[in-house]
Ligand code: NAD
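To begin, one chain is listed below as structure tokens, in the form predicted alone.
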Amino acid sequence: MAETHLNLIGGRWVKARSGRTFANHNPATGEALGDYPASGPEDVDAAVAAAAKAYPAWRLTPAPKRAEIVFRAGELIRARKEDLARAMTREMGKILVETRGDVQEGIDMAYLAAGEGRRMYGVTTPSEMPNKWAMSVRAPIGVVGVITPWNFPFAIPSWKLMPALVAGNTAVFKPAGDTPEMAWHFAKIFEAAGLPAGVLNLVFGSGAQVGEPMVAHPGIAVISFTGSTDVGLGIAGRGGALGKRISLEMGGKNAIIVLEDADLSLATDAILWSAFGTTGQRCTACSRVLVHERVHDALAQRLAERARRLTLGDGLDPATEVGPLVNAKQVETVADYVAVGMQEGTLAAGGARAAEGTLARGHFFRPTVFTGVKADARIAVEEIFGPVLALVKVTDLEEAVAVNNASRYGLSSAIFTADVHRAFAAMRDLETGIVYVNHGTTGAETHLPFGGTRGTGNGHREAGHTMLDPFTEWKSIYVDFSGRLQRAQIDNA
């Protein structure tokens, strides 16, 4: 019998006030994995009240002590890495090697964020007046609302919640409806690590019933959101009008440039991993290859042959290379785009659902490659979030950069070339938050900032040395020990 889970509000595990629940299912097998509260605005109110009540004491807890709890959480995650990875594969489908990486990002982020508890650097600077001290420090903001997607259900909450908590904020956390179990594990781990009641509150439910009330709630000062660009921009409009700080990580349409001097074997390996890893359901997934016309056909042949050989199946099976899409709706979305692609390019591989044998129980779609696609084709400009790759011919680096930068999105880009001059020109000219040389578009290390430009983000970055920025205010402090009134810009003229 599937287990029934609860919200975490004010240190207590409780049902939704309505009593309603929703079911969680394995996208590879259809297996029922558990029931979760279908919460509503009244549950959001309770969670915000609990977070606000916990905030004064948590804010005054020394940052190194706050960080020790985050570090202990990291140790607990490390000890449970394999169990968490297997649970994630069952819940959202990606293969074990990838879910282990997802959990590892949580471990890495815990250790990195915990270090900020003994850094959290401010700035001291000389005053322009004699016998006066000038400095600036970071201060927490208050109650943070965190809304996360299903494709990285452990890593992304870690990027947001760990820095927010170390900085002294309290939080209300709404995970995606397709991956509630990983959020439940996340909250249970912090509970076991000794996080005080009310500092982290977990509310399950839909965007309409939980996410939108969080954005509108006057008690939430910051919203940190990862998801689609259209939803994110809506949050920015509604939340910004209420004076909230809004941190957005949104869509991507990432390109790999392959020049005529590239190592095609290496490029093929990287493109396949970037395009079909996580079944293409990554914001950093490569969904278009801007390939020099001289090597377009050779690269297309390599990619199509390899894509056709990829093994689909349950991510818990070691032989599986590509898992399912997350749900039936996503299968329909991918199928619709493939139908469009049939009119916009030449189908070289895939192009259909996979429903034979045991695959019929899940949400599978064959890795798909289109060749000879125009730069402005829909499948080359719109985010699909599935295993669909479009090859676009270009004549030189300058054209490739122009095509890349014309995108609505600006998260990740990559170039394959043996020419150091062109590599550095691409590093300078590609207008994305992440640029790779001789590697695919996917993958990020937690100690570097993560985020993008244009329709991908709104200027904030996650992880790295920027991790605290969305969750802290700068406070400038002056101490005048001259014993007399000194007026800056007046008495020093």
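Not measured: the values here are computed from a predicted model. Heads up: residue numbers just count along the shown sequence, starting at 1.
Unshown form predicted in complex with the ligand; subsequent notes refer to it.
Choose from 386-394, 175-183, 107-115, 369-377 the stretch whose residues reach within 4.5 Å of the ligand in the model of the complex, heavy atoms counted. Looking at the other structure, the answer is 175-183.
Can you work out whether the ligand is within 4.5 angstroms of a heavy atom in all three of Ala275, Gly341 and Thr346 in the model of the complex? No: none of Ala275, Gly341 and Thr346 comes within 4.5 Å of the ligand in the model of the complex.
Would you mind picking the one in Arg302, Arg138, Arg238, Lys188 that has a heavy atom within 4.5 Å of the ligand in the model of the complex? None of the other options qualify; the answer is Arg238.
Ala164, Leu290, Ile156, Leu325 - the one with a heavy atom within 4.5 Å of the ligand in the model of the complex: Partner contact (heavy atom, 4.5 Å) among the options: Ile156.
With the partner left out here, check for me: in the model of the complex, does some heavy atom of Phe225 sit within 4.5 Å of the ligand? Contact with the ligand, yes.
Is Thr279 one of the residues lying within 4.5 Å of the ligand in the model of the complex, judged by heavy atom distances? Looking in the model of the complex, residue contacts with the ligand do not include Thr279, since no heavy atom lies within 4.5 Å.
Residue-level question: is Gly207 within 4.5 Å of the ligand in the model of the complex, judged on heavy atoms? Yes, contact at 4.5 Å.
Decide whether Val231 counts as a contact residue for the ligand in the model of the complex under a heavy atom distance cut-off of 4.5 Å. Answer yes; at least one heavy atom of Val231 falls within 4.5 Å of the ligand in the model of the complex.
Contacts with the ligand in the model of the complex - residues in 140-163 whose heavy atoms fall within 4.5 Å: Stretch hits, in order: Ile147, Thr148, Pro149, Trp150, Asn151, Ile156.
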